[in-house]
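Single chain ahead, by itself, as structure tokens, in the form predicted alone.
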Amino acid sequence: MNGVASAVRHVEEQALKNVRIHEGDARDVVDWLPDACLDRAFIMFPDPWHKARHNKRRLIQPEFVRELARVMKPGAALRFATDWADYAEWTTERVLADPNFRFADDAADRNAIPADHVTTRYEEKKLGDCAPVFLDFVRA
């Protein structure tokens, strides 16, 4: 609840008009979206469920990647960021296994902080096992 209240405060302070807030699972929101409606999506420091027995709870699963492909326009950008090395590998494998996605730049430095990056409070906590990894994909 505190995170939602803080987000609402920031939206109001900046007089933003194109923001919608959903307290809950992102998969629910994606399920409700119409086909090919997103130009860009960000998945920033999701819960890594770093114990192997919990990996099935990770947001990035083949079914969710398929749903993202459905709601993203061709050419849309997807950014995933994590500070858990195995989650970066996990995500790369699952996103690139879907024929609708490719890396935005195969030669990109995955540890370079993107120019348009906004630091999250989870990133600031530095709870992971590596420096932040930024994976940028494009919807084919």
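As the structure is a computational prediction, the values presented were derived from the model and not from experiment. Numbering starts at 1 and runs along the sequence shown.
The following text describes the form predicted together with a small molecule, which does not appear among the structures shown.
Only one of Ala26, Leu33, Ala104, Ile113 comes within 4.5 Å of the small molecule in the predicted complex through a heavy atom, and that residue is Ala26. A heavy atom within 4.5 Å of the small molecule in the predicted complex is found for exactly one of Met44, Leu38, Leu96, Ala108: Met44. In the predicted complex, the small molecule sits within 4.5 Å of a heavy atom of Arg121.
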